[in-house]
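As a starting point, one isolated chain is supplied in structure tokens, in the form predicted on its own.
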């Protein structure tokens, strides 16, 4: 279908035409010809890179022209930012486009969220819905991008969002965008939606299995061939360590020409941190060779530099872990899946077909390539036959809800009651019946689990049963729901903070170990051989912790919490990223994610302490929040509050005798400028 024939308002057609869009892709045609244009709920299930986002925009145009709002939900922050930049074009037509991906305490908003198009992560959207549901009034369409991830750990939030929006705004349209899955009919049945599916791709995909007894030698051969005539290649491996070694080996083996631009890129990557780590140096060298690695351990700045350079054709090869396949749009002519197995808690297992298809779906650059090539590597012909049957010809798995487990339910049951979304046991059951879990499995057996969760929430003091069986939140329970943390986490914190308040004792490591006693913070793994050393270290310094080491408070997770707390303690003791990397093998990207979650948990603990009038605990956790955010010792907290002063400047100023804001107000501008520069010195004196 030609764009001029599409039933969309003229000014949107002009906007799309200005971007070079002339013809609709077949899946977009199918959507236009379906009931979606008349407001029918729709599931669009098509392969990667088949134009799902623009298909959504065709529907968005109609809703925006009617004066309705659009809520566009994605699973990842990076993907949210990509969509936000895509949709900024609507500001030319006078629409307000906003992105919300940060702070999960949406009760802190002071002004209304004014938007026409809102791009948000699922968790942030749910957070706003808990505290400010009225902001979503007049929403005409909810877009659930990457909805096949409903079977992942992020899936329950997608379910809850869809169920809540459908109940609150019955006239609103839902568009669910999904990669190809095994049971799209079931997904569309749950949403009372029309299913629009297609196997069409803009660039034809050819999947092959290459045979090589030495996988890495075969990999070099395939990559070298793939780069002919300006090709680019993504290589998927199973682990962070593999991504790094593959990138380094390919960089040396390929001998790509290193120009000024790659030198500049390498320098930017190296200086993404004030004090570069060994990983930064390795990544910088790789970039200069035109081949880089991409995994959860690199920083956000490094990730952006790499992805932009790859899109511009400057970088030729990226060796990545599977997280890249579920992230931003980064196509290449060739995709090579070196590793089809991954180690987990139960040993090595083959990856799902769905994951494989997500990876190979990156092959073929629209506007550049006529065909996309995808290779898997097998060691022999027998293994090649197996891989071909299982992955190339294999059926993609069905997806199933993971909502029906107690840790997940706790959070959403409390939120449902705290926001007055459900007021009785029956209405609570009815609501969870409307989820994908309820649709797939029914409510039988689910009711007893809900009752168990309700009993715990009431025992913990987060809800109470009123007259006529009404379920009512306590002030504490309502605040915990707004903070978006697991009620079990809150209960754990309350016990330890009450103990600390009673004993008037707040050791840093003890507070950090308390923060680690949560479902939200991923803990460090403890090897069997390290257990004895950690136990001895903990028992030699019992006063550094809040909990008793010889009592019932210890549990099987203590050593993981203790080791993770030791990592965080190094950070708030001003250890460098390089030192932490060498000590714990935790690269900067992963370190920042852990400290960011811990910072949020410290804020949550301080808010809980305030409600319970645990004043010292509230103050100590507020200080810990600042220390985790900035990576500083306690004495730098007064300085770190001043805009323009980070951990390094704060330490330098403190060592020069500037220990509090009043010292800076009275400081000699020239002396300050010697540390931070004249312009920053002026700003610091003003802010102080």
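Everything numeric here is computed off the predicted structure, so don't read it as measured data. Numbering follows the first chain given and starts at 1.
The form predicted in complex with a small molecule is left out here; the points below concern that form.
Colleague: Among 638, 644, 39, 47, which has any heavy atom within 4.5 Å of the small molecule in the model of the complex?
Modeller: The option sitting close enough to the partner is 47.
Colleague: Scan 164, 478, 412, 362 and let me know which has any heavy atom within 4.5 Å of the small molecule in the model of the complex.
Modeller: Selected option: 362.
Colleague: Could you tell me which stretch in 627 to 635, 59 to 67, 24 to 32, 648 to 656 has residues with non-hydrogen atoms within 4.5 Å of the small molecule in the model of the complex?
Modeller: The contacting stretch here is 24 to 32.
Colleague: How about residue 243: is it within 4.5 Å of the small molecule in the model of the complex, going by heavy atoms?
Modeller: No, residue 243 stays farther than 4.5 Å from the small molecule in the model of the complex.
Colleague: Can you work out whether residue 179 and the small molecule are in contact in the model of the complex, taking contact to mean some heavy atom pair no more than 4.5 Å apart?
Modeller: Output for residue 179 is yes: heavy atoms within 4.5 Å of the small molecule.
Colleague: Answer for residue 367 alone: is it within 4.5 Å of the small molecule in the model of the complex, judged on heavy atom distances?
Modeller: Within the cut-off, so yes.
Colleague: Taking any heavy atom pair closer than or equal to 4.5 Å as contact, tell me whether residue 622 reaches the small molecule in the model of the complex.
Modeller: No, residue 622 sits far enough from the small molecule in the model of the complex that none of its heavy atoms falls within 4.5 Å.
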